[in-house]
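Shown below, as structure tokens, is a lone chain in the form predicted alone; questions about how it binds or moves come after it.
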């Protein structure tokens, strides 16, 4: 009897010990897992970091020449890259481009395609594209468009989603003219112009004004070749100026690479505009007026973020640092000439120098 009782007690003790033992831990429900341990693809959208949820701001640009033209197109592309870097890189801003769009109908097709694909800002970088924007922009009221160089946003036509931008290129043109007239020994300067319009016309007027203000006896010969892109015609024009005695040349638009080559071959000084052209011929390029379109782009993007898709125009100037004078460090510019250039910049900014552009 005692033996049976002992067995019963032992069995009871075993059962008690089993009940108090450690059972295997159940898996924690997904909702109880710390958020930082949850895979991003399984994390509820409302708990994902904002930077992972935001889509990149999408910008498309249509250009008449290449992104490496050292002139008009490159000036805008470089500015977009600077904005992209400031925003945080490609994840924050996507940039696509169509270059060499000399044919307006082809450019118009690209503008419409980019708008249809949902790009936030479509830039038609050329005054020849204005009529295309007039037709296309109303079809995409929440897409922002921009074009230059001009101040016309088509607001008077009821269009509300087009920005415009221009450069007061006569300002850097004036400064270049001051330096050019100071350095010219022959007293003859040649200007290779494309089409007498927009920022090209302003630059030439400013250059002539600066040169003649510095030396009233200087002979500034201006030729308009009727093209923004014809390199051969630009070369021919440069040769004509040199044959007429010019020892200094300048010009504007993407076709000037031809003129710069001629200047280098003949040891003639060159003054650039729109972008730095020093790398093409570091021995003869003295100074450049460089466009920094970032000044205008920053304002556009701020407006778009606030729901303003167009209707404003922006001008880059020496005063707002949208125009920057870039001097070739390899060229030994005399101190008195540099001082005259600095005085011209200061005078333009404070209004004591008024440049005639009419």
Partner chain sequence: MNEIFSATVIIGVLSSGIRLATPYLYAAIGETFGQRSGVLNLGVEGQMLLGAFASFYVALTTGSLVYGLLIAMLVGALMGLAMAYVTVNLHAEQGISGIGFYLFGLGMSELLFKMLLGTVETVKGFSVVPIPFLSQIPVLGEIFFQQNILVYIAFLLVPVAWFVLNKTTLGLKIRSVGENPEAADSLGVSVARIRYFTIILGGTLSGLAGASMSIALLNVFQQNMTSGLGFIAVALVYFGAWRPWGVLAGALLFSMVNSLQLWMQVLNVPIPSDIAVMLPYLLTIIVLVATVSRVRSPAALTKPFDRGD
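Positions refer to the first chain, counted from 1. This structure is a prediction, so every number in the text was calculated from the model and none was measured.
The same protein also has a form predicted in complex with the partner chain, omitted here; what follows describes it.
Mapping the unseen interface onto this chain, residue 235 counts among the residues with a heavy atom inside 4.5 Å of the partner chain in the predicted bound form. Among residues of the shown chain, residue 160 is not one whose heavy atoms approach the partner chain to within 4.5 Å in the predicted bound form. In the predicted bound form, the partner chain stays beyond 4.5 Å of every heavy atom belonging to residue 321. The partner chain is not shown here, and in the predicted bound form it never comes within 4.5 Å of any heavy atom of residue 81. Of the listed positions (218, 183, 286, 225), a single one reaches within 4.5 angstroms of the partner chain by any non-hydrogen atom in the predicted bound form, namely 225. Taking a 4.5 Å heavy atom cutoff to the partner chain in the predicted bound form, the contact residue among 249, 255, 121, 179 is 255. By the 4.5 Å heavy atom rule, the three marked residues 229, 241 and 280 all count as contacting the partner chain in the predicted bound form. Partner contact region in the predicted bound form: 64 to 72, out of 64 to 72, 287 to 295, 303 to 311, 326 to 334, criterion any non-hydrogen atom within 4.5 Å of the partner chain.
Heavy atoms closer than or equal to 4.5 Å to the partner chain in the predicted bound form belong, across 79 to 106, to one residue only: 99.
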